[in-house]
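Only one chain is shown below, in structure tokens, and it's the form predicted on its own.
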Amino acid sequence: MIMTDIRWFKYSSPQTFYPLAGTLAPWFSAAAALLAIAGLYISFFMAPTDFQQGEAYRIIFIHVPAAWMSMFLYLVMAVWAAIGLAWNTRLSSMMACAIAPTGAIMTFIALWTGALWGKPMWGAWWVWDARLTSELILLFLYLGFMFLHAAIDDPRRADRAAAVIAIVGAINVPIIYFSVKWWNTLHQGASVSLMRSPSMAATMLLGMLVMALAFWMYSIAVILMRVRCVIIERERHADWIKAPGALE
């Protein structure tokens, strides 16, 4: 195959990406549902009871994947926003807008489940711990991105203004990740690390990883669905939108 014949940028425009997103979204939705069922079964029925935290520890099977996704999605959103800002590409900015609500939801779930875990473990729903505070700031950054974008009528100006928040706010992600190492915090350290062996039973680790995949597949599915809505809204006056069968 001749490399020059490959249409690398075929799906870089809203017109060509719209049907691709519609094709992929159901597959990722199905994968998310299957992985969630398997992950919940492993986490709540197969994983052993923790000898220190008892059954209350099982909230981590929701909390940890949500926290991972909250940070990962912010970085992905910032990258798409930066591409849109640098090269003025429409689809990049649309992707950033589509990612923000899902990232905010993941951040809220991480904070909410963290509070549910913290009450029996720490005796308080909330403490101004370095990791909790920086995760709360992450939620505000997501909300700030969305509110600022919605407050500006001109979509292109809104894209540029919101991109600045996304790019600057990305510095908060490593602060969240390394906060337990940089400061003396109540939050426990990472149970899963690329640099050392996991400090949990194999069944617990399996349940957490399967749930993380489920959250990942769900996020991709929802983002693909949402970006289709953003494309319709932003491109509603384009000729290709008005063509018969364009939105199927």
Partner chain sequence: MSAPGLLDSVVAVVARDLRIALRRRADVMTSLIFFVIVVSLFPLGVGADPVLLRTLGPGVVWVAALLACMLALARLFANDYADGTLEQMVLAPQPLALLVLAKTAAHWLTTGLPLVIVAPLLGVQFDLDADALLILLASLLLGTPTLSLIGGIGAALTLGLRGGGALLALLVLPLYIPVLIFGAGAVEASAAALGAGAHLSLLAALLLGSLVFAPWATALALRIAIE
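Positions refer to the first chain, counted from 1. This is a predicted model, so every value here is computed, not measured.
Form predicted in complex with its partner chain: not shown, discussed below.
Looking at 95 to 103, 111 to 119, 75 to 83, 166 to 174, the stretch with residues near its partner chain in the model of the complex, meaning non-hydrogen atoms within 4.5 angstroms, turns out to be 166 to 174. No member of the trio 37, 41 and 57 reaches its partner chain in the model of the complex with any non-hydrogen atom inside 4.5 Å. With a 4.5 Å cutoff on heavy atoms, residue 29 does not count as touching its partner chain in the model of the complex; it lies far away. Interface membership of residue 131, defined by any non-hydrogen atom within 4.5 Å of its partner chain in the model of the complex, is ruled out. Remark: residue 140 counts among the residues lining its partner chain in the model of the complex, judged by a heavy atom distance of 4.5 Å or less. Looking at residue 127, you'd find every heavy atom of it more than 4.5 angstroms from its partner chain in the model of the complex.
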